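One chain comes next, on its own, written as structure tokens: the form predicted alone.
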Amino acid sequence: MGTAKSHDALATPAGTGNNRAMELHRETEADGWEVEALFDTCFAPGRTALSSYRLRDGVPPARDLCLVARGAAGEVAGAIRFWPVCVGPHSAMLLGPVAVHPTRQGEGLGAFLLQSGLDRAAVGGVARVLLVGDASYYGRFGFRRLRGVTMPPPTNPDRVLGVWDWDGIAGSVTRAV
């Protein structure tokens, strides 16, 4: 995963009709508190009680894949994280959370973060990525329902989605150690 650039300048995603400048970079430890504040703004207060957070406890995120989008004034406009997990004996990346600040929603930034993160994962040799989400949204990025892959309860199995090499992969999703 060391082939991804640590810092990339970019414009707001094409086709959004918004020309506000953005900068995309890998998340560093120094970004952590601002990214957590963004997640607190975008998600319900009990977000850390979700079963997917138990897979993240005590496991550092995959920093080469975690991205932060900053606006022209330096504010955090969006962020995406990836976490190593295991599915049976196989490694995978758990995508999430991904969030866009309410003042920047509707600009295509969430899709841009998702595609940028997936592109970095592909370049970095990640074989498979999973997430818990809506197939109607994530399907456009190639995600499909994973049958036989079980997230910790009470996760709805219809929302367990994956992309790339899932042929023959089944089992419980567990923390990477």
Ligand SMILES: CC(C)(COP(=O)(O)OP(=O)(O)OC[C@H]1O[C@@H](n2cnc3c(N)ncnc32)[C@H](O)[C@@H]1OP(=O)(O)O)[C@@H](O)C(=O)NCCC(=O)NCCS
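Just so we're clear, the structure is a prediction, and the values are computed from it rather than from any experiment. The numbering used is simple: start at 1 and walk along the sequence shown.
One more form of this protein exists, namely the form predicted together with this ligand; it is left out here, but the text below deals with it.
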{"property": "One residue of 29, 119, 40, 134 in contact with this ligand, assessed in the predicted complex (non-hydrogen atom, 4.5 angstroms)", "result": "134"}
{"property": "Listed residue (61, 152, 124, 108) with a non-hydrogen atom within 4.5 angstroms of this ligand in the predicted complex", "result": "108"}
{"property": "Contact flag, residue 94 vs this ligand in the predicted complex, heavy atom cut 4.5 Å", "result": "no"}
{"property": "4.5 Å heavy atom contact, residue 140 and this ligand in the predicted complex", "result": "yes"}
{"property": "In the predicted complex, residue 85 touching this ligand (heavy atom, 4.5 Å)", "result": "no"}
{"property": "Contact label in the predicted complex: residue 98 to this ligand, heavy atom within 4.5 Å", "result": "yes"}
